[in-house]
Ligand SMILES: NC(=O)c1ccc[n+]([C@@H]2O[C@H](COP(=O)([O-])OP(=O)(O)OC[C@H]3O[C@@H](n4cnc5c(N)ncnc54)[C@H](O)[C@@H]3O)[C@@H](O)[C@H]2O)c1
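One chain is shown next in structure tokens, namely the form predicted on its own.
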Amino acid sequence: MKTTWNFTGTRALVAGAGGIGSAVIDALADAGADVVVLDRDAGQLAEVTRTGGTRDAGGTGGSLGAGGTVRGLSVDLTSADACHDAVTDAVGFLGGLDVFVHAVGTNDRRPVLETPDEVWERLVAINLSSGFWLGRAVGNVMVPGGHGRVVYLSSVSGLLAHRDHAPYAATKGGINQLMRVMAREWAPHGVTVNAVAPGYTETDLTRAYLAEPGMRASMEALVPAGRLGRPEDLVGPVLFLSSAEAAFITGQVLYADGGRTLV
């Protein structure tokens, strides 16, 4: 997705190489930012770092025309130590850090009474704990530096009570509150922390669910805009909150949902 934003010289870290994360990575790089991407999926890292043979998942980086560079780091974000080390490595590669986007998330749809402990623990670790561990490590860089933009990908599920979404909804609600506390603590230091909450978006995470008979039509009927979201619909909100223009906005959840939360 081409963008008119100018992030030349911006040093960005994005956690999550798939779906919305991928669209954000492309847009940041196309706008001139140098980006480090964290993900444990080697295939997704290779995809986001591959453009004309110039982006590199192997750790050397590369130029993208007049845009920025993209470097991939393979890391399991369900470990506090791994998250800390990944941020340290990214800051070393970039020479500092201006923007952090947390676009990590997974779901497992089943009723509360049928949700085993291991599903709960896995979703909390991936969706919420990684946000805390990475955010804390990022804050330890941005707060002393007196500047930074942090954006979390939340969800309308953090507000609405969808059936069969208990762990996912709980983690996204947790992200919203985590983000607010970070925003309150870090505002005096020039660091803003916000979240973008998509409605139902067409990504690899939702593809199989939407393929079920009648599911797409029923989901679209819940959206006043008459369609589901696409990853590119989230790029503008994320880049705005990552920009200098959003310097006085912090602690906010921006719903990019085609009106889903209105009904």
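Counting begins at 1, following the sequence as shown. For clarity, every value in this text was computed on a predicted model and none was experimentally measured.
Unshown form predicted in complex with the ligand; subsequent notes refer to it.
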query	finding
Answer option from 86, 182, 126, 191, heavy atom within 4.5 Å of the ligand in the predicted bound form	126
Contact residue in the predicted bound form, chosen from 169, 138, 99, 75 - any heavy atom within 4.5 Å of the ligand	75
The ligand contact at residue 131 in the predicted bound form, heavy atom, 4.5 Å	no
4.5 Å heavy atom contact, residue 40 and the ligand in the predicted bound form	yes
Contact flag, residue 17 vs the ligand in the predicted bound form, heavy atom cut 4.5 Å	yes
Heavy atom of residue 153 within 4.5 Å of the ligand in the predicted bound form	yes
Candidate stretches 182 to 190, 142 to 150, 76 to 84, 112 to 120 - the one whose heavy atoms come within 4.5 Å of the ligand in the predicted bound form	76 to 84
Those residues of 196 to 216 which, in the predicted bound form, come within 4.5 Å of the ligand by heavy atom	198, 199, 200, 201, 203, 204, 205, 206
